[in-house]
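One chain comes next, on its own, written out as structure tokens in the form predicted alone.
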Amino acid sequence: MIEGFAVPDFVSDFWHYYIAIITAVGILFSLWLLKSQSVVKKLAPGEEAELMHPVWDGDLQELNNPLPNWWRWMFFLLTVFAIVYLVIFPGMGKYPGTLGWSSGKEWQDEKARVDAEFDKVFQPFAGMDMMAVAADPTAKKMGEHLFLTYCSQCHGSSGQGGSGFPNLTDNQWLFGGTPDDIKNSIAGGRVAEMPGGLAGDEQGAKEVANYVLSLGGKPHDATLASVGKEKYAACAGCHGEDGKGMAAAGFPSIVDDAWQYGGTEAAITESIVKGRKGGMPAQLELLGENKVHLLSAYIWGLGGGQQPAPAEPEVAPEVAAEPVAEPATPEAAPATM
């Protein structure tokens, strides 16, 4: 379901019957038309065929004569071909045809074949550490081609993003900028949403916006900010009392300069009133593991990637010391008299 809309009508069975009926009626009408033109009207002696209007240049005219037989039979055969086609292939609504062919399945098969060929090229980098892949000139060039093909439409050819699309070259990462974080974002996608609030209260939203600006030390109206501080309590649950957010939960900081939808008073006010909903679709199914791995390394190497957390040193398990057996005490010799 699309947010804010009901399930589209095009998934209703009505359209299946609509298409099937229109197709069937079209074929029946064609057969009727051809049949009606097969009746030869006999002219009485001396009678001339009806003259059709208009007449061009005085001499070029058209008479109402029956269609030639070769023409009619050609269209009869084409109609029969259409009927056979609709039995074998899909064309009557949801009817799949006797062969079960579909353009979607054909695309999937072709994609699988092409992916198998490309995987041979990507395979050498599949098992490499992503930071090592990012440093490899060949892998970097391949990653750039992938980025320009699949990512540049939103993030820009240089990765610096734009309004509504995050910059991938800075160190501001809402969901983490380590190699693994980036790979998880590409493979599984991300969803970020802020519900709208203070609908109809433009002034209240402006007051909260000024308080948000004050949290980041940016120019603001102190009077409006003092009033908005109390109303900000509804925002603190996600963004924190200090506005620094909770990165682990996907709630952004609002005291830095990384404003995806703009950090002006007007833009913040609009975000508060209308809310925001952004997201990145999951790419693993489309691209496959090898492409995602290479692409993640390239994005990490654009300059804003964060270093992975250092691995904790392995601690050898403690082995309980075996008790040392005490030397046996010699038995006392029997006393002699």
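One rule holds for the numbers: they count along the sequence shown, beginning at 1. The model shown is predicted, which means the values in this text are computed figures rather than measured ones.
One more form of this protein, predicted together with ligand HEC, exists but is not displayed; see below.
Across the options 71 to 79, 100 to 108, 206 to 214, 125 to 133, residues that bring heavy atoms within 4.5 Å of ligand HEC in the predicted complex belong to 206 to 214.
Out of the listed residues Lys218, Lys229, Arg190, Lys94, Arg190 is the one that sits within 4.5 Å of ligand HEC in the predicted complex by at least one heavy atom.
Taking Leu86, Met142, Leu198, Leu224 one by one, only a single residue has any non-hydrogen atom within 4.5 Å of ligand HEC in the predicted complex, and it is Leu198. Among residues of the shown chain, Lys35 is not one whose heavy atoms approach ligand HEC to within 4.5 Å in the predicted complex.
In the predicted complex, ligand HEC sits within 4.5 Å of a heavy atom of Arg276. Ligand HEC is not drawn, but in the predicted complex it has no heavy atom within 4.5 Å of Gly26.
A residue is said to contact a partner when one of its heavy atoms sits within 4.5 Å of a partner heavy atom; Pro90 fails this definition for ligand HEC in the predicted complex, lying far away. Residues Ile272, Arg276, Lys277, Gly278, Gly279, Met280, Pro281, Gln283, Leu287 are the members of 272 to 294 with a non-hydrogen atom no more than 4.5 angstroms from ligand HEC in the predicted complex.
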